[in-house]
Each structure stands twice: as structure tokens, then as C-alpha cells.
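The chain below stands alone, shown as C-alpha cells; this is the form predicted alone.
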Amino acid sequence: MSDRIMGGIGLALAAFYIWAATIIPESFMADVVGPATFPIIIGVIIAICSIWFILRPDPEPVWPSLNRLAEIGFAIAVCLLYAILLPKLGFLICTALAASYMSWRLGGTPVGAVLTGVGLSIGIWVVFKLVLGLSLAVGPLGI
């Protein structure tokens, strides 16, 4: 039953996501694909996965322990904090902090997780900003 509940929630989320993508205003410099195409594709994938959960639920679902649920809750909190702090701290700092935490919780050593977070942040910034020319949130570092 829990798989069907999750599938129903996912289907509602997908419908909302697709609807929200359809109201994205088009820029005067819009490309051929348009700004809504990628979010709509993501929404369709979420809907397909949700329908799969509704039609083919696991007969004996195993729920994670309370510790694992807390880990999931902290990961969600980090993602929310990332979105909230991104305009204030900028892309480099926020991404380095979030990636470091996630790397650490996925089993990395603290030093390795920080190195991974910083390296990932710089690597993504180089690709998005310098190679693709996209605009990213600027923080106190000015980059």
C-alpha cells in the first residue's frame, strides 16, 4: 500500500511540475526548444515512475530504520538550505558545502568529503560558467 501512496503523491507532484513548466514565460531570445521543454520531460519521467509504483507495488516493502529516515530528512534539509542560501552565498560556496555534506554522509572521510565538495563545486562552475557561459549565483567572492 505504501508504494501506491508514494506513486499517487509522485503523480500529483508530476502533474504540478508539468503545469508549472507550462506557465514559464518565454524570453524574447528564446531558443527553438523553449524554456519549458526540459522541465516537462522531467515531469513526464516522474509520472511514468509513479504510475509504475501504482501498478506494480512491492508486495513486502521494507521501510528504513528511524536512523535512515533521519538521514533522509537531513539530506532534504540540506537541499532546502542550498536553495535558500544560494542567492546569499553564491554557487561556489553553497555547492561546496552541500556536496561536502552529501559526500560525507555517503561514506567519505571528512577530509575526502570536503575535497570532493570543493572539487565538484569548482568543476561544475568551470563547465557551466566558463564553457557554457551560463549565469550562476554570485556570492561574496564575486564569482
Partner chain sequence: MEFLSSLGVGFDAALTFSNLGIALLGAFLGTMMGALPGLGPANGVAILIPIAFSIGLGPLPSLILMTSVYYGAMYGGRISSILLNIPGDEPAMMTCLDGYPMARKGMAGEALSLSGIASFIGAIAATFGLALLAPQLVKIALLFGPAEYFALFTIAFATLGGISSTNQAKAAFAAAFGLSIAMIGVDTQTGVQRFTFGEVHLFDGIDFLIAIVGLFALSEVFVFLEHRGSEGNKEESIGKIGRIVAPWSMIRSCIPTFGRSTIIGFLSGVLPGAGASLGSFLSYSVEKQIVDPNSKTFGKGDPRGVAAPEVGNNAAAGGALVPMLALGVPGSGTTAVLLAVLLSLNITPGPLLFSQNPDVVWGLIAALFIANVMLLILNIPLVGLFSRVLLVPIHILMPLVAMVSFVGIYGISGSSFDLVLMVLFGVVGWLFRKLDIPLVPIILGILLGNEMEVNLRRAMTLSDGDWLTLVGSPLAITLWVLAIIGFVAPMVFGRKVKKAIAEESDEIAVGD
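Between two forms, the rigid core is defined as the largest C-alpha subset superposing within 1.5 Å. Numbering follows the first chain given and starts at 1. Predicted model, so just to flag it, every value in this text is computed and none were measured.
Another form, the form predicted in complex with its partner chain, is not on view; read the next lines as being about it.
J.: Quick check on residue 102: any heavy atom within 4.5 Å of its partner chain in the predicted bound form?
T.: Yes, residue 102 is a contact residue.
J.: Examine residue 55 and determine whether its closest non-hydrogen atom to its partner chain in the predicted bound form is within 4.5 angstroms.
T.: Residue 55: no, not in contact with its partner chain in the predicted bound form.
J.: Does residue 126 reach its partner chain in the predicted bound form if we count a contact as any heavy atom within 4.5 Å?
T.: Residue 126 lies outside the contact set for its partner chain.
J.: Taking its partner chain as it sits in the predicted bound form, is residue 134 near enough to touch it, meaning that at least one heavy atom pair lies within 4.5 angstroms?
T.: Heavy-atom contact with its partner chain at 4.5 Å: present for residue 134.
J.: Using a 4.5 Å cut-off on heavy atoms, which residues of 54-91 contact its partner chain in the predicted bound form?
T.: Stretch hits, in order: 58, 61, 62, 63, 64, 68, 69, 71, 72, 75, 76, 79, 80, 82, 83, 84, 86, 87, 91.
J.: Does residue 122 move appreciably between the shown form and the other one, meaning a CA displacement of 2 Å or more on the superposed rigid core?
T.: It does not, since the residue 122 C-alpha is displaced less than 2 Å between the shown form and the other one after the core fit.
J.: Once you overlay the rigid core, does the Cα of residue 90 travel 2 Å or further between the shown form and the other one?
T.: It does not reach a 2 Å shift.
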